[in-house]
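Next up is one chain by itself, shown in structure tokens, the form predicted on its own.
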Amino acid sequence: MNSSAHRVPHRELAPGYSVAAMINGGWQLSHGHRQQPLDRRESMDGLLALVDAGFTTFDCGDIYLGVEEFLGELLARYGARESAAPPLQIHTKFVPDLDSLAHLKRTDVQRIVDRSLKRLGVERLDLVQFMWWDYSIHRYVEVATWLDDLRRDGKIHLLGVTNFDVPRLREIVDAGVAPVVNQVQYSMLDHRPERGMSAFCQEHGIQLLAYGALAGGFLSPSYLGLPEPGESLANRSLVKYHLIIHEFGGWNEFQKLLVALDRIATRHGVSVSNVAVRWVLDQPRVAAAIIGAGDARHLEENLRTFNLSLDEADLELLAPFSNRGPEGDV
């Protein structure tokens, strides 16, 4: 393994199960995200380079078109190497279609989980994160218990949720299901987890996996000092996070945040993105940040995140931007 592997800290989600503090997000590998076809060989080589550097945890979902299969190939290639250590971890999501929620059956849940097992080529899923599109269809507790049964049956190692708010997560916990994580959007632009979710997770031993820490790439030097982009954004993620910027206060306020992040980055000899991710990693109950990883271009830059410590002066500079962005719970 590359000597830089020890520079990627791991954090424990459950006894005996620790994940890289920066998780490789698989959405950028999805057919639904990319404008150009995936160069499978180039991407595979890039992901193996990330693994060799210590970024050994991957996140995907059963609705990320083609990604479970691709990561299954990654597992097979990595496992065939003589130096295949430490083990890779693949986290996926259980996301039933919106139009199926009202009539979803236990057998449907098992079929979807079995499909993920087949795609990944494994006998047990490391972590399944449960997503429910519509709370008005009040069956998410029932479905969570079915997933928990599959965990007890050995098809799933750990069970989590994604994008659940406090009241609905409480219902699941009260039903006897014990998710280890809630994957939520969390960034300098979106502080919703601070409005009750972090405290609830502290009380119940649940940790947060944070996506959107870089707002699809907006929280980077690439946008510093630039005028607001028009409607021709490159992908759906940028469209979504552009709306988050509007809820944060608009492009001018976003530029003020980038200036503050840049001042901190310059003082520490790192990048704006390093500061943005470090801030998220330092928040209560956050176990890891999920960063889009279609290749290894940002490998060395991402490693610098773990050598950065934000001091009181940095936090004071960022304080005016706290509690901003979208209102309400996650």
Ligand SMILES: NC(=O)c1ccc[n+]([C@@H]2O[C@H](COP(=O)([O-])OP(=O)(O)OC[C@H]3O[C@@H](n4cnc5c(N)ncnc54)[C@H](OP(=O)(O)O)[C@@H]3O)[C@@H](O)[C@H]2O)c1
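Throughout, we count residues from 1 along the sequence that is shown. Note that the structure is predicted; figures quoted are calculated from it, not measured.
There is another form of the same protein, the form predicted in complex with the named molecule; it is not shown, and what comes next is about it.
- Contact annotation: the named molecule lies within 4.5 Å of heavy atoms from the stretch 213-221 in the predicted bound form, the single such stretch among 213-221, 100-108, 194-202, 141-149.
- The contact residue chosen from Lys240, Arg77, Arg124, Arg170 relative to the named molecule in the predicted bound form is Lys240, the criterion being a non-hydrogen atom within 4.5 angstroms.
- Scanning Glu69, Glu301, Asp262, Asp45 against the named molecule in the predicted bound form with a 4.5 Å heavy atom cut-off leaves one residue, Glu301.
- In the predicted bound form, the named molecule lies within 4.5 Å of some heavy atom of Thr162.
- The shortest heavy atom separation between Arg297 and the named molecule in the predicted bound form is within 4.5 Å.
- With a 4.5 Å cutoff on heavy atoms, Trp279 does not count as touching the named molecule in the predicted bound form; it lies far away.
- In the predicted bound form, the named molecule lies farther than 4.5 Å from every heavy atom of Gly54.
- Within 4.5 angstroms of the named molecule in the predicted bound form, the stretch 277-292 places a non-hydrogen atom from each of Ile290, Ile291, Gly292, taken in sequence order.
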